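Next up: a single chain in structure tokens, the form predicted alone.
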Amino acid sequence: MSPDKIIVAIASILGVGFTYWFFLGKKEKEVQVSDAVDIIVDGGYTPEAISIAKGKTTKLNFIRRDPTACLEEVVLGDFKIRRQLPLNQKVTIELTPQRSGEFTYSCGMGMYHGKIIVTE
């Protein structure tokens, strides 16, 4: 095998490894929430995943700091909630989940996602 083919093979392996790490290797940090949580909207949602109790009312305080048009709105499809998020203002959404499981929410265009994990 010639040196240029070896270099290409090594670069390909590194490229595959980087792609796997970047897209699939990220671990979401789940935050346990009892009554309320501030979710910062800035290039996504922080925290990305929250855990709340089934049947208990929890306040999700969305604070948008990113002027991107995509993040002007948050959609909690499983809860049939859609809200506008004015820049630098707190928008509170109260949830009282009636079933356990994992539920996603997203921006209005579906490009950014967060997760709500409802536990027993």
Partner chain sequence: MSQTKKTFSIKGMHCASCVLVLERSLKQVEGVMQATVNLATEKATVTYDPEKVTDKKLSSAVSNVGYQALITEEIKTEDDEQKEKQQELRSLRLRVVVSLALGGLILWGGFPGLMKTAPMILQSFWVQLLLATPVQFWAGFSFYRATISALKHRTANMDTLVAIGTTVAYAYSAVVTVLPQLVKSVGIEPMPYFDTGAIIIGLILLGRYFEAKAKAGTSEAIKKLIGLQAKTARVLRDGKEIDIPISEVMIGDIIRVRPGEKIPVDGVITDGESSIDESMITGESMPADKAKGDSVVGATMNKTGTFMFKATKVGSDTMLARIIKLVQEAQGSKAPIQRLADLVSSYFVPVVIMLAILTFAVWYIFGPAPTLLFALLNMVAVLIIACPCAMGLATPTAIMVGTGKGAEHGILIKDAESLEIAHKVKIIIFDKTGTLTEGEPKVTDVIAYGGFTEQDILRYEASLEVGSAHPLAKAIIEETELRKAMPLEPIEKFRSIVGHGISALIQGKSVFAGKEKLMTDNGVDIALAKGDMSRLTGEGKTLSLLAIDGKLAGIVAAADKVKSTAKMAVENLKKIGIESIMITGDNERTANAIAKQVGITRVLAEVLPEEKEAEVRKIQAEGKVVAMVGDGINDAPALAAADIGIAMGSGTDVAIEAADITLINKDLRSVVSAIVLSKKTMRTIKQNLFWAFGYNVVLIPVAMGALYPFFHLLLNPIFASIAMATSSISVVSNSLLLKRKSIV
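Numbering follows the first chain given and starts at 1. Keep in mind that this is a model prediction, so the values were computed, not measured.
What comes next is about the form predicted in complex with the partner chain, which is not displayed.
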| query | finding |
| --- | --- |
| Contact test in the predicted complex: E94 vs the partner chain, heavy atoms, 4.5 Å | yes |
| The partner chain contact at L76 in the predicted complex, heavy atom, 4.5 Å | yes |
| 4.5 angstroms heavy atom contact with the partner chain in the predicted complex for D4 | yes |
| Non-hydrogen atom contact D42 with the partner chain in the predicted complex at 4.5 angstroms | yes |
| The partner chain in the predicted complex - contacting residues of 104-120, heavy atom within 4.5 Å | S106, G108, M109, G110, M111, Y112, H113 |
